[in-house]
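To begin, one chain is listed below as structure tokens, in the form predicted on its own.
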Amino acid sequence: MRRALFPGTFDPPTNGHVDIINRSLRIFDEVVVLISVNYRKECLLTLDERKALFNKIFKDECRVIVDSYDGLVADYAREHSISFIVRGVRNISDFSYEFEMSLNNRTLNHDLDVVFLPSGSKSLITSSSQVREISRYRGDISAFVPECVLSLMKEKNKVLD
């Protein structure tokens, strides 16, 4: 069975993330969406909320597993016998960063390879941080996120007021 990790903070999950996961399922038998703890980022959504959103989005797709981890992605991959990481790249800056990360992960886990997938044209310029900012100022994020994410973001912004 060919399994891949798709790690990230996913705060919030976007249509771009969903696109990368769906396209990864054409290559791999199973994709583990690994919601990583990143102490450099202050997240709007809790870890449990992000997990619940992905479980909702992929409720009918048994080949998508949602998990979380507070540690190195290379270690998670080793512990779960996963040999591939999938990364979406929107532009050359993303690729440069992701390429550097892939070298680090490969140094930490020699059995780990990375598959880079270019973002679809609809998600080319959208990042989770941009979605959070647009949402915070009551902008329309419906083109960028699944419906369940849109609903939760609206609720979160009401609480922030």
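Note that residue numbering begins at 1 and tracks the sequence as displayed. From a predicted model like this one, the values you see are computed outputs, not experimental measurements.
Here the subject shifts to the form predicted together with a small molecule, a form of this protein not shown in this document.
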Just one of N104, S93, N55, T46 has a heavy atom within 4.5 Å of the small molecule in the model of the complex. Which one? N104
Is it the case in the model of the complex that I20, Y97 and S128 each bring at least one heavy atom within 4.5 Å of the small molecule? yes
Contact flag, V37 vs the small molecule in the model of the complex, heavy atom cut 4.5 Å: yes
Would S24 count as a contact of the small molecule in the model of the complex, using a 4.5 angstroms cut-off between non-hydrogen atoms? no
Is S119 close enough to touch the small molecule in the model of the complex, meaning at least one heavy atom pair within 4.5 Å? yes
Answer for V73 alone: is it within 4.5 Å of the small molecule in the model of the complex, judged on heavy atom distances? yes
